[in-house]
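In the block that follows, a single chain appears as structure tokens, in the form predicted alone.
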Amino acid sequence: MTKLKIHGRATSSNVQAVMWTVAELGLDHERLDVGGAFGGTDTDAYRALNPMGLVPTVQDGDITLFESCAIVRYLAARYGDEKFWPRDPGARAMLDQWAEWGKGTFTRTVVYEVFWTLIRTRKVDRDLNALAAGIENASRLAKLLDQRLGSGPYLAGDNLTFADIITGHVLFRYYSLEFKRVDTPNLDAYYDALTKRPAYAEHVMVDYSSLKVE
């Protein structure tokens, strides 16, 4: 296979999901610092790869992709085994629905209703009522995920899958942000299991203090 080229800064949670996937699959790759303070997303050359001007963008030979979840699914389908990417459509769909929920509902709530306020907004500009509502929303969703996980350790039981990547990458931010979390023993155990995976520790548990706005 060709060496993957990943455009995107290490502190981007979307890039982290892709990099975690790449590492779990043991794929030969090169990551380029693009986006955020590094810039590089507004050039004509980059926009030809990704018209949205966002990160990540991945090049795999003749294939160029943007949107992190599409990239994760592509890499899982092309390079993952049966455990990581179930070939049976029904089995895969049962996981994929939680991947969709994890990205479109849980991650969106944690990032835009909690993380964005606590890290990306100046203290004097924070809407504390909106933050409280965001924490309540995140707590409700965390309980749903806790119930779904059961005894785990992963969404598919014993095997890590693409769905864990899409759902679990936001948990580093969920657990490291300073707010009171609800009691979710299954989710706590799930996160603990993820943190013990070298690929997660290296590519997801990335210091985001450089993103903080004072």
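Numbers for residues come from their place in the sequence shown, where the first is 1. The structure displayed is predicted, hence computed values, not measured ones.
Form predicted together with a small molecule: not shown, discussed below.
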item	value
Residues Gly35, Glu67 and Lys103 all lining the small molecule in the predicted bound form, heavy atom within 4.5 Å	yes
The single option of Leu49, Leu160, Leu54, Leu149 touching the small molecule in the predicted bound form, heavy atom within 4.5 Å	Leu54
Candidate stretches 6 to 14, 187 to 195, 200 to 208, 19 to 27 - the one whose heavy atoms come within 4.5 Å of the small molecule in the predicted bound form	6 to 14
